[in-house]
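Coming up is one lone chain in structure tokens, specifically the form predicted alone.
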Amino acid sequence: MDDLDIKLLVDLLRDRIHPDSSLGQHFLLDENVINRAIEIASNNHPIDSSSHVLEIGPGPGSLTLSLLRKNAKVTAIEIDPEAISHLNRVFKDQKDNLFLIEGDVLTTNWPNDITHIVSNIPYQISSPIIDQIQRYNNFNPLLGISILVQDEFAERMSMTSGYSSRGPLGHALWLDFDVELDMKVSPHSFSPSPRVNSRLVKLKPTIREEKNNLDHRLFTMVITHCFANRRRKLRTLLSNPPRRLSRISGWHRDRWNSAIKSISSEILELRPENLSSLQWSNLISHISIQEFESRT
């Protein structure tokens, strides 16, 4: 690998393909961004020969190269067969450390011993990928995660730009991660350049006691229901149950109406964006517990 560098990898792939924007093919060229992505994923648990790193959409292998130079085992999931062929060629001497999977990351089974995730993820499927990372972490706790996403999406993940950035995405992530925004990345750091700025984000797995008594599915459903009309007050929003509520075992309209009666008028006068993640957690736990107690 000593004869490889990031620009060469990108040029070699671009000689063979025309980047497909529908696949999010904006290839990272900036070595500083790549080094920082690995650094923030390694803050608490260094990436080394004992690590198994998942990379989503490796493309030309810019990030892959740096991960392999850390002596890490890397599993890379890539949907483009030409990119897979390219990666097999340029990393032909790394078959003991690099495992390539051709397929859709949203439908492909991930190895069950991943320790870190470091990826420049396709912007158009950022939400479902984040959801999949969260589900994976619940069953296979991760040591470090850094992802490169669209800047606006990063703000919604972290909810650090005021009430307007609060929403279902950030509240759902709060259950399992501390979200930390890192360096901004300009379009010129990619080939071809996207039309938007990007941002490195660190997801630090965390354990929240509030999650112990929380129905995760109900939490997500209620918040999504309320933020669909974020300018209305909770009194109006909660007067009707979320769609598909009955798909959660034990829940139906009568139970919902009974539970909502236990919420204080002070809370009901608020709008969805006024509540922090902790307040949402307490509210939805309260709904479940009050209803349970009223039936026993």
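None of the values given here were measured: they were computed from a predicted structure. The first residue of the shown sequence is 1; numbering continues from there.
Although not depicted, the form predicted together with S-adenosyl-L-homocysteine (SAH) is the subject of the following passage.
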| Any non-hydrogen atom of G57 within 4.5 angstroms of S-adenosyl-L-homocysteine (SAH) in the predicted complex | yes
| query | For D80, is any heavy atom within 4.5 Å of S-adenosyl-L-homocysteine (SAH) in the predicted complex, or not? | reply | yes
| said: Within 4.5 Å, heavy atoms only: does L173 come near S-adenosyl-L-homocysteine (SAH) in the predicted complex? | reply: no
| query | So in the predicted complex, does W251 come within 4.5 Å of S-adenosyl-L-homocysteine (SAH), heavy atom to heavy atom? | reply | no
| note | Answer key: of V201, V105, I223, I114, within 4.5 Å of S-adenosyl-L-homocysteine (SAH) in the predicted complex (heavy atoms) is V105
| Pick from 207 to 215, 67 to 75, 89 to 97, 114 to 122: which stretch has non-hydrogen atoms within 4.5 Å of S-adenosyl-L-homocysteine (SAH) in the predicted complex? | 114 to 122
| said: For a quick check, can you give me the residues of 16 to 31 that have a heavy atom within 4.5 Å of S-adenosyl-L-homocysteine (SAH) in the predicted complex? | reply: L23, G24, Q25, H26, F27, L28
